[in-house]
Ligand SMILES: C[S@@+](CC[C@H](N)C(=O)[O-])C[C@H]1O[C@@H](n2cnc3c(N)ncnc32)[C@H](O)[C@@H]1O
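Single chain ahead, written as structure tokens, the form predicted alone.
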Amino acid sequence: MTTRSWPEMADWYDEKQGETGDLWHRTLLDPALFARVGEVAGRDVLDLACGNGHNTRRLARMGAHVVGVDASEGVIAHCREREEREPLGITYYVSDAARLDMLAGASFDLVVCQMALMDIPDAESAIREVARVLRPSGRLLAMILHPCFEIPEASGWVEEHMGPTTTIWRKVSRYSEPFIGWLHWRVDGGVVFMPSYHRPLSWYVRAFNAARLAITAFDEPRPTEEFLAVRPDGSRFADVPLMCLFEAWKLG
């Protein structure tokens, strides 16, 4: 098994996402996220675990004052290079999401954290830091792997053939207890395994409540027509969502 960290995969990830995100982001994840973002012109927005910044730049082009933070120095270097080529007023920091000491408290109207909390070892502290930097009545949008259906090394698709009929099921186990599993990525012709921190849905609810973040919406992204056109098997993701999105507001 080959293991790597996100910083080691910065160049590969930047090329994979490009300017507009890969297929999954562009046609499944981003539409669900931005359906919740709403009007951000003139607002202060933090893109936490911003990756190569394709959403960070999109938020800035919508008129927001944006800060991007990621733990990978390599991907932030790519973000800063793009900012130099096309200045959008974005400030980028390299930092663990659980320690945002460079950001003042109550300084953001919106925090966006897409597909990252399940990759952060100390997600509880990251959620507390989000609450700290949000203004009263500020909002968090956090998208993660769906802990009910996408469990690292403990979930998968099962096809059952009964005569002329094929039924596809989602098989899951080990849901209730937090544990560290492994996700695989195909990189440069090989397979790289990355740690993923499974936590049941109730864990996130408790963590948000403890940070005084009130959950007001919970979405399960459905594939778009573009996704279905490229992925013939994509209809299964409409039946069993593998990602979910929390909207939570900071209580005053």
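Residue numbers run from 1 along the displayed sequence. Computed from a predicted structure; not experimentally measured.
Keep in mind that the form predicted together with the named molecule is missing from the display, and what follows is about it.
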May I ask you to choose, among Leu103, Ile144, Ile151, Ala71, the residue with a heavy atom within 4.5 Å of the named molecule in the predicted bound form?
Ala71
Assert contact residue (the named molecule, in the predicted bound form, non-hydrogen atom within 4.5 Å, options His54, Arg26, Arg36, Arg199) equals His54
Do Asp109 and the named molecule share at least one heavy atom pair within 4.5 Å in the predicted bound form?
no
Given that the named molecule is not shown alongside this chain, does Phe237 nevertheless sit within 4.5 Å of it in the predicted bound form, heavy atom to heavy atom?
no
Although the named molecule is absent from this view, report whether Ile120 comes within 4.5 Å of it in the predicted bound form, heavy atoms only.
yes
Does any part of Ser125 reach within 4.5 Å of the named molecule in the predicted bound form? Heavy atoms only, please.
no
Determine which one of 169-177, 130-138, 92-100, 78-86 lies within 4.5 Å of the named molecule in the predicted bound form, judging by heavy atom distances; exactly one does.
92-100
